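Below you'll find only one chain, the form predicted on its own, shown as structure tokens.
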Amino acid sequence: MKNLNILQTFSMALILSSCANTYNPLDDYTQLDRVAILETPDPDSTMIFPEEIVANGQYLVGLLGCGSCHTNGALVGAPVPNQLLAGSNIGIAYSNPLAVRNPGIVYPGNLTPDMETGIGSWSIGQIVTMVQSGLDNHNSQTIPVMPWPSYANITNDDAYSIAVYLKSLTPVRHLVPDNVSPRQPATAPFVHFGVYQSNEQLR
């Protein structure tokens, strides 16, 4: 009986030792408190769009939480006030970084009508198409990190209101990093599902 107890104690020690040395992939990540709700910027008063349509678009953009991804710093809980809806320098991993060391990453774009870094060159119709089907102004399909599948049934009038509101904003010049394909190294920070941020030093 005594030998059995010794054996059991030894086995338990081996198990505990093994557990203590187990690799935890989340050791390379920090849990974050992201900002879920942000105020929407007011439209530029010099823009000539019907006030009621702009107001409805502003309401919908706030309701859909567009700013929580498309505002710089919001993904890590520190939104930059003068960059509301102007895109994010922090990306979102869309492939599993626990399975692939370098996940694919999307950097949310600038939704203000800046001609060079935002959607200033987009037509109202192109923005409506993006909202409803995820096709950009070059007719390329975006991945569902931008949750267009959830917006596919939005009414044409509501999609139009969103487009008009975005086109009515004051342009903010802010160039976001390029998206990163899976297995390619990132050169800018990113989060995984908006909850964990990599601690690995970027190269």
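Note that residue numbering begins at 1 and tracks the sequence as displayed. As the structure is a prediction and not an experimental result, all values here were calculated from the model.
Heads up, the form predicted in complex with heme C isn't pictured, but that's what we're talking about next.
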Handout entry: Within 4.5 Å of heme C in the model of the complex, all of 92, 131 and 151 (non-hydrogen atom)
Key = yes
Problem - Contacting member of 143, 47, 175, 53, with respect to heme C in the model of the complex [4.5 Å, heavy atom] - result: 143
Exercise for the section: Considering only heavy atoms, tell me if residue 162 and heme C come within 4.5 Å of each other in the model of the complex. Expected result: yes
Problem - Contact flag, residue 111 vs heme C in the model of the complex, heavy atom cut 4.5 Å - result: yes
Practice task
Examine residue 84 and determine whether its closest non-hydrogen atom to heme C in the model of the complex is within 4.5 angstroms.
Solution key: no
Practice task
Using the partner position in the model of the complex, report whether residue 65 sits within 4.5 Å of heme C, counting heavy atoms only.
Solution key: yes
